[in-house]
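Presented below, as structure tokens, is a lone chain in the form predicted alone.
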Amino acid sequence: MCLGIPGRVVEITSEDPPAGIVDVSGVRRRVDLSCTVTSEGVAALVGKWVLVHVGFAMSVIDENEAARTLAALEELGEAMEEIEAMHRSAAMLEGTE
């Protein structure tokens, strides 16, 4: 099963290829933004919610949809497993685990 997690774009790190930092439930990670860039440019994504799957922002979603999706995922328990894996991954990359 594929799982997409809502996150908010907080920073652009590259315009070519489009990439940025996305905050997913308090965990920040670099994400490819290629699938979500519009004619407004990559900078217009800062502050927007995106649906993230395996390091790629697959689509832009509104804040209400993000909240509903996170609530549904938390109820299913799937979001917590993904977030815990991201925390472990971040700790390993930072050398704190």
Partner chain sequence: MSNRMESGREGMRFTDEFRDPAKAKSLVSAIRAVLDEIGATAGNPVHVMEICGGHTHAIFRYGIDRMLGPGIEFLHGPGCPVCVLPMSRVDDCLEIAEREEVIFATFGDAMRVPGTRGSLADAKARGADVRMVYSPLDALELARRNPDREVVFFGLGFETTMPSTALTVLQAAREGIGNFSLFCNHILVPPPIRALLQDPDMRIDGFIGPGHVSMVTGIHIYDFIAEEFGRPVTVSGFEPIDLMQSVLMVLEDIRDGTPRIRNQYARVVPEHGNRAALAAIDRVFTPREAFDWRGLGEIDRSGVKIRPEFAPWDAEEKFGVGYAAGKSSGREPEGCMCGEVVKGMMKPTECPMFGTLCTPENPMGALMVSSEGACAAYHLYAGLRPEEVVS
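Quantities reported herein were computed from a predicted structural model and do not represent experimental measurements. Numbering follows the first chain given and starts at 1. The term rigid core refers to the maximal set of C-alpha atoms that superpose within 1.5 Å between the two forms.
We do not show the form predicted together with the partner chain, though everything after this point is about it.
Although the partner is absent here, residue 59 lies within 4.5 Å of the partner chain in the predicted complex, judged by heavy atoms. Though the partner is left out of this view, residue 76 does reach within 4.5 Å of the partner chain in the predicted complex, counting heavy atoms only.
Within this chain, residue 86 is remote from the site of the partner chain in the predicted complex, having no heavy atom within 4.5 Å. Contact between residue 34 and the partner chain in the predicted complex is found at the 4.5 Å heavy atom cutoff. Residues 6, 8, 9, 10, 11, 12, 15, 16, 17, 25, 29 of 5 to 30 are found to place at least one heavy atom within 4.5 Å of the partner chain in the predicted complex. Relative to the superposed rigid core, residue 85 undergoes a CA displacement of at least 2 Å between the shown form and the other one. The rigid-core alignment places the CA of residue 19 less than 2 Å apart between the shown form and the other one. Core-aligned CA deviation for residue 9 between the shown form and the other one: less than 2 Å.
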